[in-house]
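Only one chain is given next, in structure tokens, and it is the form predicted alone.
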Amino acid sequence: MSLTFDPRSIKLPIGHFIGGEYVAGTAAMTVKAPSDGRPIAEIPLADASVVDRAVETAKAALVSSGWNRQRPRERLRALCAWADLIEKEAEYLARIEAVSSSRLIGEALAGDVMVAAEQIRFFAEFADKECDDLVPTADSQFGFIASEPYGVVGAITAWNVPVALAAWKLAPALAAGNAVVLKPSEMTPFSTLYMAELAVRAGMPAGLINVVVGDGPQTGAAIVAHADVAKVSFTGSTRAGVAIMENAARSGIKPVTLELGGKSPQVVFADADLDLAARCITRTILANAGQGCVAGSRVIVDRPVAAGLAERIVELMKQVTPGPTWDETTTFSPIISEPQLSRIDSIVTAARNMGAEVVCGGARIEREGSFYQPTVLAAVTDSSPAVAEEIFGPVLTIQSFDGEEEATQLARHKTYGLSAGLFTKDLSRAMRMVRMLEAGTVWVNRYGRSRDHILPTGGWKSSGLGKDLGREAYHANRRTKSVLIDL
């Protein structure tokens, strides 16, 4: 069956989702499809009063439903029913995603939506398996560490993989017994709204998930600063992450989890399988047109094999098929917006002016929509903006090294430390380099996350604070108190 569809046939959910129903607001922003630039919706932008309504609704839902006090197995069942309905509605959810974002219909259906359902089930299993810790004390005393939910968790997600990011934030917070007020990106709010609707249709208490549509400076800031939001989780740019930390500190100290920007290296040694390395490198920078925080955009390669690796990468880059996200034959995504495309091009131009060699690409694709050519830049230094800045586009830089020490130095970035790739057949070298690479995640002879949701993700340096996924994400949504009883 063909996955291609007519984007005009899709009705997008509009408004905020509060207390189990859509709440209209004054249209304040036009959302355009990146595939063709066509306006697809007029959306409201929530102000502080809308955020306050959502938070109050979340607090009331916790009390009326007893979500934070009920038997954990009941939370597990409710979350699994939600995951089941997401899978049942997967095609429509993927179509919503494809119309409004840069996600290709095939990737959204087989990847994003199904992974979101998997992650909800994964975290649901923690609800009745993680427990308080009994600790050793004197025989005349009884001591334990009690774990409890925060209450209302505020979540803010980015535009690049909306369905998956919504699951990252919602699933562990809900499994841990919290309610959530979530702000998706104003450029891609629709799939998150529909996921919240599906939760209520699946039988979860209305008001546990509240979605407010809006921008960062107004809506996001109001969520972070709200006195009754006890914890904040954010995925987005490092600059926005800094603003969130400042806001959280000013408005009353509260924990924050931040998954931020990256400028990840992929280190290739001469003994590596170059065909494998080229496929992995190309796949990560072409996926979603490089619009991913973990995109391995800095290739650092052993000098003797640098030319051969570059040739392989360029040949693979020529095989892309740009086109609308709703056409199943498309293999290369658009850039999310014209401003973002202009930013990508400005960084490439600045790098070229500083001496970078354009091996391939280096310009927009002249067709309907916002598309940029897969680009490889050589002869770059660490001072080049293409190396220093997170581009969030299909742009690779190539630097060569001699020996492990230089490879480590080139891989080290002064700002970011989100992830890193490493290609070598030497296990001893791999283990040495894993320890030396400054990143929250290191992949060896592969690049990119698997569907092993037990592995946490999160960055070092300015790439973030705390972890998403894994048991760490569940525990981050609960707080502890120490209890000591004299018997």
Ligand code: NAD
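A residue's number is simply how far along the shown sequence it sits, counting from 1. Model, not experiment: these values are computed from the prediction.
The protein also exists as the form predicted in complex with the named molecule; that form is not presented, and the subsequent description refers to it.
Task: is_contact(G369, the named molecule) in the predicted complex, heavy atom dist at most 4.5 Å - done: No, G369 sits far enough from the named molecule in the predicted complex that none of its heavy atoms falls within 4.5 Å.
Open item on the list: Since only the chain is shown here, I'm wondering whether L165 would be in contact with the named molecule in the predicted complex (any heavy atom pair within 4.5 Å).
Closed with: Within the cut-off, so yes.
TODO: Mark A240 yes when one of its heavy atoms lies within 4.5 Å of a heavy atom of the named molecule in the predicted complex, and no otherwise.
DONE: Yes, A240 sits close enough to the named molecule in the predicted complex that at least one of its heavy atoms falls within 4.5 Å.
Task: Heavy atom of N160 within 4.5 Å of the named molecule in the predicted complex - done: Judged by the heavy-atom cut-off of 4.5 Å, N160 is in contact with the named molecule in the predicted complex.
Task: Stretch from 254-262, 94-102, 72-80, 405-413 whose residues place a heavy atom within 4.5 Å of the named molecule in the predicted complex - done: Comparing against the named molecule in the predicted complex, the contact stretch is 254-262.
Task: Single option in I335, A176, V268, I156 placed near the named molecule in the predicted complex, where near means a heavy atom within 4.5 Å - done: By the 4.5 Å heavy-atom cutoff, the listed residue in contact is I156.
- [ ] Check each of G417, G220, P324, P149 and return the one that places a heavy atom within 4.5 angstroms of the named molecule in the predicted complex.
- [x] Contact check passes for G220.
- [ ] Could you list the residues in 325-342 that come within 4.5 Å of the named molecule in the predicted complex, counting only heavy atoms and keeping sequence order?
- [x] Residues within 4.5 Å: none.
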